[in-house]
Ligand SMILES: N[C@@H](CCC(=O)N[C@@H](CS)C(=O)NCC(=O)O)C(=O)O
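The form predicted alone is given below as one chain in structure tokens.
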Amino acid sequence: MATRPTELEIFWISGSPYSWRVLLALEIKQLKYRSHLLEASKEEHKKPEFLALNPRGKAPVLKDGDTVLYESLAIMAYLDRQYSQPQLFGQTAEETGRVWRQISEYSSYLDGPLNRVVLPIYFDKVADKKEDIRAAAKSVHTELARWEEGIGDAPWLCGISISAADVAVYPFLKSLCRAASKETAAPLQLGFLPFESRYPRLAAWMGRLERLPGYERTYPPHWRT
């Protein structure tokens, strides 16, 4: 479907992998949008005007004319139907199935242990969660090894074209690398860094995504400081 003359608006939080997914999708599709960066520290996502858009009080939220949508994967699927090029969820039934399988594998097997590693490091809970972080890291390594083998020599997770699977997974792996580089994570010896040595194929895949036009506009602003 052709791009309509309405102005897209995106409400997002810096560093949120869910927000980052949508920003990447917008840039890959080369869509113009108005950015509303919410300050989580000021709980702007809990204010009445935002709760009117998403009663759950979470980002991201997309506005497209009269359409208001939240949940990152739902937003990405909407964008793919409304603004079809390039297609991120596959052009054939087989491609669509492959993309959703990859996203589902991330959600089912990697998301949980990855967040058990990342969130305590980000929120200064390492001392309380040390053993659980180490246990979760082992599960993350097991799954990443599977992904490292699975990508093979393909440039993208589902083959020769970038897809919603790449967009959905990348922000979380980037967040994992950032968490692993924190000073508080060093004593845990999690073994994720240098990432390009442990998982060279996945690191090369991440590098390809980071060289895409518009990537820099999606990079979390507070990570630059």
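Remember, it's a predicted structure, so these values are computed and weren't measured experimentally. Just count from 1 along the sequence shown to find any residue number.
What follows is about the form predicted in complex with the named molecule, which we do not show.
With the partner removed from view, the residue among K63, K174, K58, K29 that has a non-hydrogen atom within 4.5 Å of the named molecule in the predicted bound form turns out to be K58.
None of E71, D111, E148, D132 but one reaches within 4.5 angstroms of the named molecule in the predicted bound form through a heavy atom, and that residue is E71. Though the partner is left out of this view, I10 does not reach within 4.5 Å of the named molecule in the predicted bound form, counting heavy atoms only.
For the chain shown alone, W205 is not a contact residue for the named molecule in the predicted bound form, no non-hydrogen atom being within 4.5 angstroms.
Contact between K46 and the named molecule in the predicted bound form is found at the 4.5 Å heavy atom cutoff. Stretch-level contact check against the named molecule in the predicted bound form with heavy atoms at 4.5 Å: of 137-145, 150-158, 94-102, 71-79, the positive one is 71-79.
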